[in-house]
Each structure stands twice: as C-alpha cells, then as structure tokens.
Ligand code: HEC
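A lone chain, given as structure tokens: the form predicted on its own.
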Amino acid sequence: MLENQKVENKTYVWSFLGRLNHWLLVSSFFACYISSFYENLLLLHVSLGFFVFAMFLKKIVWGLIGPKYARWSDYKFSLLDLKLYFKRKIEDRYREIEVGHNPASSWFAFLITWIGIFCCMAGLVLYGIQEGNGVLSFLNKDYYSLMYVYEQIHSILVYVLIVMIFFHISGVLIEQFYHKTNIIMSMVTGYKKAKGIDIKPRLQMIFFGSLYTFFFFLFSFYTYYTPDNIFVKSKFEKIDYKALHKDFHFECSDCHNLFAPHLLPKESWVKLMSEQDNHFEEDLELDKSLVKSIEKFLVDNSAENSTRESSYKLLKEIKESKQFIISKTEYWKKTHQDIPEKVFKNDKVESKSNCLACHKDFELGILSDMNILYLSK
C-alpha cells in the first residue's frame, strides 16, 4: 500500500478520490443548506441530503479501509496532544506540521462526520413525520405531533455544522497565510509540505470507492427526477371530493377554489357554515339540510382528523379562535413571506385566496412543497 520508505518535505497525503469526496461533500452540503430556504425546492433539498448522508457514511468506512492518513487509527485523539498542538502553534509560527491529521483536525473530522450523520438522520425522520414522504412516511400517522421537535433538532445540528465549518475554514486560513504551510493546495494536489511516506491507494479501493460515489450521485438524480419513487413519494393521495360529497364539491367550488376540509379545525367550519346568510357579504340561500350535510362532511374531515403538516400547524394556531381566513394566520404569513406582493396581484393569481394558482392539485387536497409553482410576475 505504501511506497518504499520515501521520506521528503513534500508528501502525497490525500488521494484523488479522498479529495474529490471532500469537495463533493462541501458543495452538496451548502447547496442542500441554501435549498432549504425555498419551499418549492424541498425535493432538491432532500435529494442533495441523500448524497450528503452517503458522503458522511463513506467517511466512516474510508477511515477503516482507506489510505494511511485517512484512517481513524492514524488520527490523534489525545487531549494532551491537542493542548500541546495549540501551544506549539502559538509559540512557533514556522513549526513543522504533521503529515496527516493534527490533533485539532482529527477531532474536527471525527465530530463533523458523526454530527453530519445524525443531522441527516434527523432530516430523514422529519421528512417522514412532517411531510409524510419517503421510506419513513409510516411514522407520520403516530408521530406527526413531533414534527416541531425534529424540525428543531435538524435545524440545530445544521447550524452546529456551519459553526464548525466556520472555525475549520478560519484555522485553514491561519495555516495558509500566517504559518505559510500552503495547506489549501494540499486538498487540491494531494501533496502536503511535511515529512512522511507517500500513499499509494490500492486499485480495489479506487474502484469500489469510485463506484460508491458514482452510485449515490446517480441516486440523487434519480430521487429528484422521479418524484414518485419510494424514497420521496408522499403517503397522501389525491382526494376526489366530487365522489366523496358532490354537494360540497359543487357548492364550495362554484365561486372560489375548493378548500380541503383538513385545512381548518372543526370549530372554524361550524362558524363558517353558520354564516351562510353572510358568506363574505353574500347570502348563499342554501337549504338548511344541505348546509348541515356539508357541515358534517367538513367536521368529519377537519384538521383534527388529519396528520398533514398544514393541518397540524393551522390547528395549533387557530383551534380556539375560530378563524377561517387562512391567509390571516401566522403560519400562512410565514410560509409566504418571501413572495413579492405583486405576485398576488397579477392576472394569474389576483388574490391571496387563490391557492390553486401556485399549488398544483390544491383542490384535490394536496398541499405539498413539491407541487408549488412559483410565479415571477
């Protein structure tokens, strides 16, 4: 695995595959982070997340079977060594650097790998619980009320990683420009300005490592471009309200979008149906028996009887207020805060109540992030 005891001031430390995976992990992580701020990019966020997860897992395996300096056995985890490393770093600007991981980078690589894995796992659980999507969508039924908990766990771990990356980059820049170790180029060329023995990765290692990376690269594309696959598919099916209750479908879609019953608590529906003589300043003149029939259907299928994200969050906010104008809720305002006001006034939308303009299949009970159509004008 190693060449014959070649010792010099420039050592081949990081293999091409190791460097490639490093930069793929960095770029995919930040792309994943940026996509998290856009509701309609959830599918991209999840697809990138799968790749990030795979790259973190690869670091674990690579630390067991990879080249010498990438192995966990080569890392320096002694707290005394860590203390001496910083002491020497301060006292000796032009010290001789370690050929492999120094104590600080050893701890950083170890911690960021495991925190990254837990972050991705929390995101996967969140995806199943909150969205009802993916291989863990079965968790939605019994644990949907924990969506806020896992949302916080996932977010906290993401920002812990970002803080760690900030300190890592700061340390690299200090090494590069203050200690003059040319450390940045070592992750480009693979060569480090240190005395040691050049690595020579085995052919099998290169083959299987490359195959692994390429497989999950294709897997991420697959999950993104085939949204009906088991890894991202939603458990919530389209609902044919016309077949379920034709009177509800006809009367409630005649003048506006058909709003799914699960978007409001039962008390809100009862209040709304009790004001048929002044339904948004209009007397609908509906037969009382018809009103009662529609009201019963709405109550039976209200937010209390749904495990969808929108149902749960709207229910928590307006359960006691009997509010029924969704666009006035804090939940609606928060999820639409980045949309310019002009979008709601264009000819395709016209008002904030026209949810169908941006939410495909809205009248079929689907309010998925992946179905959002953003209008620029």
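Start at 1 and count along the sequence shown; that's the residue number. Computed from a prediction, not measured in an experiment: that's the story for all the values here. Just so we're on the same page, rigid core means the largest C-alpha set that superposes within 1.5 Å between forms.
One more form of this protein should be noted, the form predicted in complex with heme C, which is absent from this view; the next part is about it.
- Just one listed stretch, out of 22-30, 65-73, 304-312, 47-55, contacts heme C in the predicted bound form at the 4.5 Å heavy atom level, and that stretch is 304-312.
- Against heme C in the predicted bound form, the set H256, L272 and S327 is in full contact: each member has a heavy atom within 4.5 Å.
- This chain is drawn without heme C; in the predicted bound form, the residue among I97, A104, L136, L263 with a heavy atom within 4.5 Å of it is L263.
- Under a 4.5 angstroms non-hydrogen atom cutoff, heme C in the predicted bound form lacks R88 among its neighbouring residues.
- Heme C is not drawn, but in the predicted bound form it has no heavy atom within 4.5 Å of A109.
- For V61, no non-hydrogen atom is located within 4.5 Å of heme C in the predicted bound form, even though that partner is not displayed.
- At a distance threshold of 4.5 angstroms between non-hydrogen atoms, S321 is out of contact with heme C in the predicted bound form.
- Counting a residue when any of its non-hydrogen atoms is within 4.5 Å of heme C in the predicted bound form, the hits in 313-352 run F324, I325, I326, S327, Y331, W332, T335, H336, I339, V343, F344, V349, S351, K352.
- The two forms, fitted on the rigid core, differ between this form and the one not shown by less than 2 Å at the CA of L41.
- Shown in the overlay between this form and the one not shown, fitted on the rigid core, is a CA shift at T329 of 2 Å or greater.
- When two forms of a protein are overlaid on their rigid core, residues whose CA moves 2 Å or more are considered shifted, and V26 is not one of them between this form and the one not shown.
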